[in-house]
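To begin, one chain is listed below as structure tokens, in the form predicted on its own.
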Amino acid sequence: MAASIYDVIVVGAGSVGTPAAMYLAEKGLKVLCLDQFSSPGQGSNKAAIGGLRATHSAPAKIKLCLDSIKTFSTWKEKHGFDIEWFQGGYVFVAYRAEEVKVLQDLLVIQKQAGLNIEWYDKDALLKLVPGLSAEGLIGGTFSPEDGSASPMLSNCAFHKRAVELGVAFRFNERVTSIMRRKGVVVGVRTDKGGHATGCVVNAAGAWAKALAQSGGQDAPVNPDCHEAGITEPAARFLNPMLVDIRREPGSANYYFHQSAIGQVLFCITPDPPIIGSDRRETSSYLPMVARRMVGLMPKLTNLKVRRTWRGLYPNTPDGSPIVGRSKTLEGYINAVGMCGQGYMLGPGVGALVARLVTNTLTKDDEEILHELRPDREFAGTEALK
């Protein structure tokens, strides 16, 4: 095959695509990153509330997020760009025996995967988070090395670094199909022309399924809608991200944290899921999440909410990403189905994709890719998705 104009084309300049392009360029490859929107991170990335945790129940996600946290936590020191990294940790609370069992059972898996996490009883947790409602509290887990950052600033930082490394970005250009010849990728066609390459990375987030199908591939990624909000700033009163996994009518887990500049950001998981790609906010979201948040931390009562918004979670049937090469189309790589956790998984997945493309995988990489392989059986679901 003739030499490609680009070594790799990454489709999507969001939470996964931008760091993937950056890491591929660090490996010395000629990279083009295409995005249908007008600038980096305008798909689902801008809807993220900034939480960065390795506190998962699947070993692959734990390892990838530990890698991501290294990137976020050292970015300012290495590159001089403040992305509002704040290492406050994550707390998963337990007010019922059901949550105690789930969280304590997961500690074994989490520690085996390298996560620094411990169980805190009621008194210890109230010292760590003084504003928690004490009534009925049993305890919870705390992972101190988790944290948060600004999705907008970090994606901007990754984009800036990628450009410095020579990545070409083309915005307002939608990929309409993956071009292939005799089972091999030869380029992409867009609404503005075409580009030649022997390697395409699908990092299209909520739009990944259509892109995969354009190349004769299957990607069982279907978005659902989640809403988030932000308050006015306040003096620091909360260090960790708080996560409550109890289910109530209309909602599953919800979570919130205080950003580096003092605003409280919050999100809730609808139950049943709201399938689709409608990004218009609703009137039902704020009353639902506010009641649950104030019940967990009463001091939130008087904080004013500045705005709410809606984003898309590109979900897979088992709640874990799909990462790896296609077995039927040479040169096609999946980096899709982050299930609303693309922001925290992005740098880890991006670096893994770069090692995959350049055949520099480690033993850990091989294990991660086996767990997240595109042709796996999608059975069960990740406990902390």
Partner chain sequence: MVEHVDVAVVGGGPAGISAAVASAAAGKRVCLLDEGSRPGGQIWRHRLGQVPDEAQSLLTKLDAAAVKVLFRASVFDVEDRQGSWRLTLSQGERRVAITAEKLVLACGARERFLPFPGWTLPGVMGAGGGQAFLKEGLELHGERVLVAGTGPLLLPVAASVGKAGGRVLAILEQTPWRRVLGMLPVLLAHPSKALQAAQLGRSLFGVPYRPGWWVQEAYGKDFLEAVRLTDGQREEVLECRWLFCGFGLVPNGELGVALGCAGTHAGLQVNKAQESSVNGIFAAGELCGVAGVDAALAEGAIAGLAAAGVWDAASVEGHRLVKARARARSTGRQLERIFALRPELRGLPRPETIICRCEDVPYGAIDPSWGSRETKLCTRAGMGPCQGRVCGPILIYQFGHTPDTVRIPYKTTPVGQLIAEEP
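Numbering follows the first chain given and starts at 1. Please read these numbers as outputs of a predicted model, since none were measured by experiment.
A second form of this protein, the form predicted together with the partner chain, is not displayed here; the remarks below concern that form.
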Problem set entry | Heavy atom within 4.5 Å of the partner chain in the model of the complex - residue from R291, R247, K111, R174 | R291
Seminar exercise, completed: The listed residue (L126, I138, I275, C156) that reaches within 4.5 Å of the partner chain in the model of the complex by any heavy atom is C156
Exercise. Since the chain is shown here on its own, which stretch among 276-284, 184-192, 139-147, 214-222 would lie within 4.5 Å of the partner chain in the model of the complex, judged by heavy atoms?
Worked result: 276-284
Exercise. Taking the shortest heavy atom distance, is E84 within 4.5 Å of the partner chain in the model of the complex?
Worked result: yes
Exercise. So in the model of the complex, does P40 come within 4.5 Å of the partner chain, heavy atom to heavy atom?
Worked result: yes
Exercise. Is L303 a contact residue for the partner chain in the model of the complex, using a 4.5 Å heavy atom cut-off?
Worked result: yes
Exercise. Hey, in the model of the complex, is K30 touching the partner chain, heavy atoms inside 4.5 Å?
Worked result: no
Exercise. Heavy atom within 4.5 Å of the partner chain in the model of the complex: which residues of 250-266 qualify?
Worked result: I261, Q263
